[in-house]
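Given as structure tokens, the chain that follows is alone and in the form predicted alone.
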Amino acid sequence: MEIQLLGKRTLVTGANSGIGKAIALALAAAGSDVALNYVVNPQAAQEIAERIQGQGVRALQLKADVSDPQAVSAMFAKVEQSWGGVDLLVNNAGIDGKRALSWEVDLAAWRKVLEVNLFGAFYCAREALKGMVTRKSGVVLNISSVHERIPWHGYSAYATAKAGLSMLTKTLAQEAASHGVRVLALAPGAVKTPISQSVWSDPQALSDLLTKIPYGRMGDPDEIARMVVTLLSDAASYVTGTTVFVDGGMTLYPSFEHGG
């Protein structure tokens, strides 16, 4: 079955690098117009927009910090003015934050991770749902992480934000279901992106990471993007309020593979 999103209008946050970039390009290949949200590196956003337009669909570049609710409102207003709204939202923007034990962490830095990863997803979903609920159609897809389930030593803010995003997804899905709108999440595992280069470019660090992945390799951004397109499409029309893990088995707790 060929997955298509012809005529759809999609906003992707954090779209100018890594997983977000792969998602944006895959959406365009499936026929969707794509609005690219970014905070830094406008040149990268411009290059991706040109590639999207090369697929015969529209691209829109939107600079906005998703942790700022006023900036988010202005971003959605621009999409409304340009395209008449969005049919699909991918909440991808996120940061890891600096590694620190909870009793040593800088509180402002800890708070910023939640403001981007959790509050930002809520601000964007809130704006998108206003139109989707009125039209009785649409999908919100939150990019979570295996760390919504697996604790991450030194990254309490990140794990907390992703766990919160899981319950936010369920609650928004419950609220929106009777209006014909789906809300769900996708949780990647270890994916080979520029942000994780310090791990996959270090043989020792990579070897240690692979012991945590039963499938024996890191994921590719395109593998995440293909699943995103599927979940946004009518192929997943009965899927809502859940997290789909795309992690090579990382959440199977591979250390127990040979017994407890």
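All residue numbers refer to positions in the sequence shown, first residue = 1. All figures in this text were calculated on a predicted structure; none of them were measured in a lab.
Heads up, the form predicted in complex with a small molecule isn't pictured, but that's what we're talking about next.
Although the partner is absent from this view, residue 147 contacts the small molecule in the predicted complex, with a non-hydrogen atom inside 4.5 angstroms.
By the criterion of a heavy atom within 4.5 Å, residue 131 is excluded from the residues contacting the small molecule in the predicted complex. Interface membership of residue 196, defined by any non-hydrogen atom within 4.5 Å of the small molecule in the predicted complex, is confirmed. At a distance threshold of 4.5 angstroms between non-hydrogen atoms, residue 175 is out of contact with the small molecule in the predicted complex.
You can rule out all but one of 45-53, 188-196, 225-233, 25-33: in the predicted complex, only 188-196 has residues with a heavy atom within 4.5 Å of the small molecule.
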